[in-house]
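The chain that follows stands alone, in the form predicted alone, written as structure tokens.
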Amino acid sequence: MDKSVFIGFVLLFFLACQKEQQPPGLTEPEPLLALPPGFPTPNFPADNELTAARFALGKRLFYDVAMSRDSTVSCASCHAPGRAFSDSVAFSSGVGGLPGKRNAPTLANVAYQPYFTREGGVPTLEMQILVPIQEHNEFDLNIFLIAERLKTDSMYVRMSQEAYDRDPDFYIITRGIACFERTLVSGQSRFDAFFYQGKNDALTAAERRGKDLFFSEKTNCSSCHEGFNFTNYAFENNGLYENYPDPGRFRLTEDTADIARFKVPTLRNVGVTEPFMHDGSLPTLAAVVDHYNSGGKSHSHKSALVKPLGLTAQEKADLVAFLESLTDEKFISNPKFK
């Protein structure tokens, strides 16, 4: 064999081996959208398909205080990654320290929501972006004024062109943030390891007992908190009060049958999203379980499923243990979202 041909063959073999071997300490980059086992692919609108440029733009906007009138508040101010993109207080503070009107919900798995806000009045995630922008107790600003701010930033001009082939405007603000939020998929909890990945030792004995109670006819928890996202997205009254200061879905429909009905929330990561309920009035999971165990307050619209349960102290502790097993530690600490 010709010497030069032999050397070339050796070099090709060496390079092929290099390509197959992962350098120590390096791992494959995580995809923009990582779907856990058992999760369907979320729908991305035809005019807002997921790309790396759109993800980067939306993430930058999500954390930018330029979105608010006095440049003090961003989306992340009320939706913190370490709390599964929820807040730690009953009512988050907006511009000037003004309190919001409802407890900030988690954004985990928001891509699967069929409608948005507690009364379900917003049909798309792109449209939902407008809600905090115009609310006086949140950003208190106009999206066209935000776009003017962004146009003075060469970085935003470049990123907007790369993502949507246009300069910063209302279109790229709503599309960019919605595109980023659709990637906030959470389904790697210990419950998921047990249920979807067949790891029988992923749950403790208490968590398993709590799981059995959760899915039993004794508690009926899973009648409303069903499916992979632990919600049926219906509008229910859970007997929190006899008289509600917040009219709930009635605010949208003006139908008296909707008074004090609120969208059933997901229970994903509920172990880190306290306080609970639409007004953040229950501080702990134990308080939530106590509420449902009591059967709730009397209200004409209260769900027939909310009734005294007669749980023992051990059963209540088991339910709390199960709910805490829904925490996705990888999701709440993922640097990709920060």
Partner chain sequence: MKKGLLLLILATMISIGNAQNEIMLHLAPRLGNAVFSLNQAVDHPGGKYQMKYTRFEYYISEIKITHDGGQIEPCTGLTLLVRPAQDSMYSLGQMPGITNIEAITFSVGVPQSVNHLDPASYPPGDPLAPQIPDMHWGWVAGYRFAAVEGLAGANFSQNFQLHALGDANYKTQTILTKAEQVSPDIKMIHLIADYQQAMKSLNISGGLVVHGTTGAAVTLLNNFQSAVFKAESSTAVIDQAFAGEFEVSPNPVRDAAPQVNYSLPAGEGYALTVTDLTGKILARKALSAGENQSLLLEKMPTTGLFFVQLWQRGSLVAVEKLVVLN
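Residue numbers count along the first chain shown, from 1. Since the structure is predicted, the reported quantities are computational estimates derived from the model, not experimental observations.
Just so it is clear, the following notes concern the form predicted in complex with the partner chain, a form of the same protein that is not shown.
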Query raised in the report: Taking 215, 295 and 326 as a possible spot, do all three reach the partner chain in the predicted bound form with a heavy atom inside 4.5 Å?
Result: no
Query raised in the report: Among 245-253, 228-236, 67-75, 262-270, which stretch has residues whose heavy atoms lie within 4.5 Å of the partner chain in the predicted bound form?
Result: 245-253
Report summary line: Heavy atom within 4.5 Å of the partner chain in the predicted bound form, from candidates 95, 224, 131, 202, belongs to 131
Report summary line: None of 115, 194, 171, 91 but one has a heavy atom within 4.5 Å of the partner chain in the predicted bound form; the exception is 171
Query raised in the report: Is there a heavy atom of residue 188 lying 4.5 Å or less from a heavy atom of the partner chain in the predicted bound form?
Result: no
Query raised in the report: Hey, in the predicted bound form, does residue 145 get a heavy atom within 4.5 angstroms of the partner chain?
Result: yes
Report task. State yes or no: in the predicted bound form, is some non-hydrogen atom of residue 162 no more than 4.5 angstroms from a non-hydrogen atom of the partner chain? Result -> no
Query raised in the report: Quick one: is residue 126 in contact with the partner chain in the predicted bound form, heavy atoms, 4.5 Å cut-off?
Result: yes
